[in-house]
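One chain comes next, on its own, written out as structure tokens in the form predicted alone.
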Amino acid sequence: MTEPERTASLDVADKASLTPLIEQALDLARSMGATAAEASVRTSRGLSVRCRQGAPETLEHVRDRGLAITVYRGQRKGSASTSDPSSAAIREAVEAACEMARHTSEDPAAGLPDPTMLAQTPPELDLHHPWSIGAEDAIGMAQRCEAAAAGVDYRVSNCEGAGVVAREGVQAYGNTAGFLDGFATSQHAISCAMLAQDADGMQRDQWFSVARDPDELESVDSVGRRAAERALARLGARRVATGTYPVLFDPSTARSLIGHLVAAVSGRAWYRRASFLLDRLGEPVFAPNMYLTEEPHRRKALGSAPFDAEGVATSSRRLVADGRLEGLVLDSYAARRLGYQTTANAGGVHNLTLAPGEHDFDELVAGMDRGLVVTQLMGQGVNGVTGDYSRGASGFWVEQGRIVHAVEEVTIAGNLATMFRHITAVGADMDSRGTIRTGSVLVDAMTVAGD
């Protein structure tokens, strides 16, 4: 007997159009002998345009969709996916997952999340704001963005591109423990990358704005001007003498420091015994008076979610309190491996926020006396096991509390464990353009290798 065809519109604004697909996959998994199963469906659509030197360079209409199914036969696990929502394709995916589960080894940590931790009444977080912009209007916005950048100064010599992106989607998840829900999201962006040139050479920089709600994006003129101003500021960049100096990471680069912390306290790193912060729960890992909080229920925020990728209810919590490590980043599997409970981080962190300090960026610079401001990082010289840190950097040199010239082709080095403990200030210049939210971060001393 063949499975009856179930029709389900893939309207990205309606989770109800996707839940029948999940129900179908779960029903099939049970009928094929699975003791438990979970399935997720994601679909999205969007428009992306990019212009360069006044002409459209790319124009894309994107529509993605996919279903993933994981089945369990006791402690044996199998997974498969498909981009075809037809009943036949879903049946094939479930059959493939069940076949895998027959041949994999038993894993005591495998299984669905604890049913008591699943979201019961997920909050409405205002994450879906469609932007009904057409291709012609998007192209016009990108062209105006580039024109605004080019008009800032005659030394703004070229453009690597200005872009506009409008995207929305819906994601739904269900399992045989009785959970089935989903939510719609949107994310829109305006970006620009410019080149500036003088007698000493050429420099590049960029700026972007991103938001759930298109009404909360920066204007195209503002994005273009900021990209141009940042490129101009980099003209005359040179190296500096090798030495040990204070280093101020601007918000965009400070975000990467917090990202290294997340990796170091992730369940995967801990159960593999591969973290420089291993077994440090309850111990000081940051400077005193520093707080790092996960805030998944911020309305309209880019990292918000009512539940994680396993249906586990999200909630606010502290990872770092007064400098001490108070929490890990765990999904259900990692939690079982470690003997803990999931922290609702299947799929990543949600609005992880480093508490801002009292001083803005200019005030932090004024208090440095002499040192390096880092605005760009290059390379991947970070050892997550030892914490050793060495990356190429560029930015600005500070003398007597003011920026005196741009800096390029230097390397900054230290150890993350030491760097975290020697953070002396966090700026009030909060950058919320991502799932990690932070202001500038001042580390009192790092090795800067230049001339």
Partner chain sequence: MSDDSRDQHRQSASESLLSPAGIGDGELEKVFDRLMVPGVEASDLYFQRRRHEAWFMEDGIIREASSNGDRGVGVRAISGAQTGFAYSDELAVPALLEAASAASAIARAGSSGRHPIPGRRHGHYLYDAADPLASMGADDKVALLQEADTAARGADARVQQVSASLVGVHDTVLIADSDGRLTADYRPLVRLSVQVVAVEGDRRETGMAGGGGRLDYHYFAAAGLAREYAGEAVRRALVNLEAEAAPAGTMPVVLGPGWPGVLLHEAVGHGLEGDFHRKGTSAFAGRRGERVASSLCSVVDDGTLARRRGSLNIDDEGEATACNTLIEEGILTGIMQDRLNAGLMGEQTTGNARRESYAHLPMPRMTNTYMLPGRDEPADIIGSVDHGIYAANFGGGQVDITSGQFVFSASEAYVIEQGRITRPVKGATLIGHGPDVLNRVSMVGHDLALDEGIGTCGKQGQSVPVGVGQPTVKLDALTVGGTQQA
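Numbering follows the first chain given and starts at 1. Being a predicted model, the structure only gives us computed values, none of them experimental.
What comes next is about the form predicted together with its partner chain, which is not displayed.
Enquirer: Just one stretch in 234-242, 346-354, 282-290, 254-262 has heavy atoms within 4.5 Å of its partner chain in the predicted complex, so which one is it?
Expert: Contact-bearing stretch, as computed: 234-242.
Enquirer: Consider the chain as shown here, without its partner, and state which of Leu217, Val165, Ala80, Leu127 has a heavy atom within 4.5 Å of its partner chain in the predicted complex.
Expert: Selected option: Ala80.
Enquirer: Among Thr35, Thr386, Thr418, Thr424, which has any heavy atom within 4.5 Å of its partner chain in the predicted complex?
Expert: Answer to the contact question: Thr386.
Enquirer: Decide whether Glu399 counts as a contact residue for its partner chain in the predicted complex under a heavy atom distance cut-off of 4.5 Å.
Expert: Glu399: no, not in contact with its partner chain in the predicted complex.
Enquirer: Please determine whether Arg299 contacts its partner chain in the predicted complex, using a 4.5 Å cut-off between heavy atoms.
Expert: Contact with its partner chain, no.
Enquirer: Hey, in the predicted complex, is Ser31 touching its partner chain, heavy atoms inside 4.5 Å?
Expert: Result no; Ser31 lies far from its partner chain in the predicted complex.
Enquirer: Is the gap between Gln380 and its partner chain in the predicted complex 4.5 Å or less for some heavy atom pair?
Expert: Contact check for Gln380: yes, within 4.5 Å of its partner chain in the predicted complex.
Enquirer: Who in 384-399 is close to its partner chain in the predicted complex, meaning a heavy atom within 4.5 Å?
Expert: In sequence order, Val385, Thr386, Asp388, Ser390, Arg391, Gly392, Ala393, Ser394 come within 4.5 Å of the partner.
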